[in-house]
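A single chain comes next, written as structure tokens; it is the form predicted on its own.
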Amino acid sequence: MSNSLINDVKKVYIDTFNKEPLLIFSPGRINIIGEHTDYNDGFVFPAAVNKGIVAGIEKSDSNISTAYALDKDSKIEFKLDELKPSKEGSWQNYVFGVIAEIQNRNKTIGNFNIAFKGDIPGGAGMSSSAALENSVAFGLNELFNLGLSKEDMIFISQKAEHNYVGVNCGIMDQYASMFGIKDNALHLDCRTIKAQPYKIDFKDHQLMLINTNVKHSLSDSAYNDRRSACESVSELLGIKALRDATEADLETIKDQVAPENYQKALFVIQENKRTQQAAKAIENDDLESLGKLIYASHDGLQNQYKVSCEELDFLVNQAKGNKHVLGARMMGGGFGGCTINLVAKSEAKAFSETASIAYKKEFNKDCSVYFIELSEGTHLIK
């Protein structure tokens, strides 16, 4: 988390509201493996990172509340008892949704002012939305002594996204952002909401992100569409979620499902297994196997789940052509955003440069490279 970000938020807050705010950092996240498994009650392997959102929050003396998105230079005033979703795609829905869900739990909050700014690249698939939701939930809990646990807060954030943003997301993003542990990834069981932390020391390798800087617009509707495909296959199988299915179970209903939905369900079952194998590989310091699993994950996302795009596939192919990269895949919901790459430290810079040049030549567009550190989850900045 950068000090300049903290100083910016603090200064603007004091200039705007004449009060010293409580300051909260809420991180974005990466996911090593386990994509689209979270809403199927499966396993995921995320980690909080050192890019995120800093929010300043304090009680307001007036009869209205204000939210100020510094990045967008956009400020909105609202009454707590008159909340309703703004038009689709508005940043304030993340804030309103959290307030509404807290009120739905019969918790009383008073008027407040919040200002926030982040350094998570937009559209990178690093969950800036979950970071924002968590910072609002955490801040209001601190400010008004609501007695919410961190687990309560992540469900509030998730419901905000379902009911105000219109994305029927799983729990991974909110969990990773809230519960992150420095230098650890969290092997999270999305059914029990319990995670096993794994100390990440890739020795002479590291994780590197390459952002395609594209966001193809079908992502939200395509996401909800895949979710309902998974749910309908689960229903046919008479199970709660695809997490409970084996490939053999899926075979038994093959003739009752459209071939593309069969492939989607097969991907989820296989990806869930890969995520568990990845935990073993990390435990055994077996980076070769981890890399193969990461490549296999991309292959499934591209060809079975069909949430990749040509820019992501191009970057993964660049990685495959470089013996210093052990694994690469698209990360996040899909249709744009980042690839995550497991690359030799000594060769990371060279690989990022050759991939960037090739990408520019292919798409006449720049990609962006991020080196990240695994960080602590949502917390008060002392």
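Quick note: we count residues from 1 along the sequence shown, nothing fancier. What you are looking at is a predicted structure, and each value in this text was computed from that prediction instead of being measured.
Not pictured, yet referred to below: the form predicted together with a small molecule.
The single contact residue among G337, G327, G34, G28, judged by any heavy atom lying within 4.5 Å of the small molecule in the predicted bound form, is G34.
Interface residue among L312, M172, A185, M208, judged by heavy atoms within 4.5 Å of the small molecule in the predicted bound form: M172.
Of the stretches 344-352, 57-65, 34-42, 319-327, only 34-42 has residues with a heavy atom within 4.5 Å of the small molecule in the predicted bound form.
Remark: G332 counts among the residues lining the small molecule in the predicted bound form, judged by a heavy atom distance of 4.5 Å or less. Residue contact check for F112: none of its heavy atoms lie within 4.5 Å of the small molecule in the predicted bound form.
Contact between F155 and the small molecule in the predicted bound form is not found at the 4.5 Å heavy atom cutoff. Using a 4.5 angstroms limit between non-hydrogen atoms, Y223 touches the small molecule in the predicted bound form.
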